[in-house]
Each structure stands twice: as C-alpha cells, then as structure tokens.
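Next up: just one chain, as structure tokens, the form predicted on its own.
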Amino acid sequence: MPMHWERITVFCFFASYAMALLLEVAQFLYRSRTIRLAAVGFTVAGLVAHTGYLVARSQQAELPPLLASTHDWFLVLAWLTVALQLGLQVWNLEFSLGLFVLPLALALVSASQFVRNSPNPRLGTLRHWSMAHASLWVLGIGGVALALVTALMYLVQHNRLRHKQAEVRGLHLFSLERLNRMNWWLIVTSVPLLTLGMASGLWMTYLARDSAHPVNLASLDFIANALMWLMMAMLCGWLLTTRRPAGKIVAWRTVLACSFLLAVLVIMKILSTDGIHSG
C-alpha cells in the first residue's frame, strides 16, 4: 500500500510530540510504565510523520531537506533531537528525556512556520558546498541544543541532591557525573562543527561574489552568526583551559550561552532576507 506522504502536515507530528509531552508530565501524577510506553509511542508516531513530511517536501523541491528551505532546515534539526531522544529512550525507558527534549523539538517546529519555505536561489553550482555547509551547521547547532538540554538536566539533578531530596516521581535523570561529561563533549564537539560551517559559508560567499546572487558579509545575518560562533568558541576555550571547572558553573554558562545562541538563530532566521540559508 503506497504511503501518501504529501498528505502529512506539520500539525500531524506537532500534535504527536505535544501529546507525548503531556504524557511525560502526567508521570508526575501517576508513574506508570504504560504511560511512559504511550509517550514513546506518540513520539515514534510523530517522528514517522515528521520523516514523511520531510520526504514529501524533498521530492517536491527535488532537493535534500537541508537545502529545500530554511523551514526544512529547522525541521531537520528538530528531527535530529527527537531521533536521539528515542535512541536513548530505547536504551533505558525509565529516563525522563522527553520532558527536556520535546519542548525543544516543539519550539523548533513552531519556529519553522515563521521562516522562509522556498528554495535558496543561490544554490546553482554551489549545491555540494551548500550541502556540506548546511550539514555542518545543523550538526553544530544540534550539539548546542543538546548541550542546553544536558545542562538543564544537570541543574535539576544538582538542586535535588543539594537539598537531599528523594527522586521526584516521573523524573529519572542521568547521574551528575554522566551529565557533566555529556555536556562537556557536546560543547567540545559542536564548536569545531560550527567553525567548519562558518568557514564553508565564507568560502561559498567568495565563490558567489560574481554570481547573480552575491552574499553581503556586512549583513545582520552573518554578523549574528559570527557572534554566536564566538560565544560558543569562548565557552569551549574556557572548558579546555580550566582545570576541573565546577559542574554547576559549567551548566549555568552552558544554559546562558546556548539559550542566547538558539534564540538569536531563530530570531535572525525569521527576520533575515539575506544569508546562505535564506530564500
């Protein structure tokens, strides 16, 4: 039986993720393996619909999802976060990952509705470089988003242990040591990816200088990207040069830096009419 992916709308997987989040919250009232399985089931259903939507969009634009539009790029980022959550959830069903990951995914899906959904006219002969740039950028931003999630988990877990409180019903998290290690690796890995993404974007700008669609390096979009990269590079440098920094300080700095980066990214993509990702 053929799959009619073109009939899937953003609301389909948005509603599935929202229902999964509600079931995760319900764990605070009544912790049940059945409710957790139902939450995972809705997440899987949402991810399947999410995948179908991206496939249909890709076929219509005859481009990979990362290049189809800024709208699709945001949805790929949301897809990656949910897919990783499900992977960890399969590893250990008891972890309350949905409480932290699903709000991020819902925010990204919502943001995708306010950015351009038409292909970038600058692709042309730069298609391969565009794919490399978009891939590096989405992986780097994905690492930043997950670093924010692990930092929030760390702060919640740290607060509970500091006040010697029992584990809250429906809220089972990784240990502080593991969360700290995950956060460290996510930051240290995401910065090189963002650096390569910035470098490839600059190279594409140089290649497109004499084309019909040159890119202005003085645009607000490029300046904001440079500031975001600089903030993450500073955080990464501090982590690498400081001997055993306090976990709580690392978590707070990660929350501030990553929240700023993601907020600026979304706002700039909504307002921008220039830049490599814009249509």
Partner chain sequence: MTASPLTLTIDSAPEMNLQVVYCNHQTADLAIRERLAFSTEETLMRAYDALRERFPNSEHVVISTCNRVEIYAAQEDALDAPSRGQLASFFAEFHKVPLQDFFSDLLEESGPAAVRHLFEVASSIDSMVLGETQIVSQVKQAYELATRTEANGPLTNSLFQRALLVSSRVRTETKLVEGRISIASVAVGEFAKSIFDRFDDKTVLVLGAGEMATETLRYLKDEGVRRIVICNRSMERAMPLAAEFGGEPRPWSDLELLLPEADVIVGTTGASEPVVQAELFRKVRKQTGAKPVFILDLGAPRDFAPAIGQIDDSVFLYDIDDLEATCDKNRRLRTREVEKARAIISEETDRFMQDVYHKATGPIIKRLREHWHEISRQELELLYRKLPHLAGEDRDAIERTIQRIVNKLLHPPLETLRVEAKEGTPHGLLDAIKRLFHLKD
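Positions refer to the first chain, counted from 1. Predicted, not measured: the structure shown is a model, and the values here were computed from it.
Keep in mind that the form predicted together with the partner chain is missing from the display, and what follows is about it.
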Here the chain appears without its partner; judged in the predicted bound form, the stretch of 75-83, 176-184, 128-136, 99-107 with heavy atoms within 4.5 Å of the partner chain is 176-184
If we define contact as a non-hydrogen atom of the residue within 4.5 angstroms of the partner, is Leu161 a contact of the partner chain in the predicted bound form? yes
Answer yes if any heavy atom of Gln157 is within 4.5 Å of a heavy atom of the partner chain in the predicted bound form; otherwise answer no. yes
Classify Asn92 as contacting or not contacting the partner chain in the predicted bound form by the rule of any non-hydrogen atom within 4.5 angstroms, answering yes or no. no
Going through 30-58, which residues have a heavy atom within 4.5 Å of the partner chain in the predicted bound form? Please give them in sequence order. Tyr30, Arg31
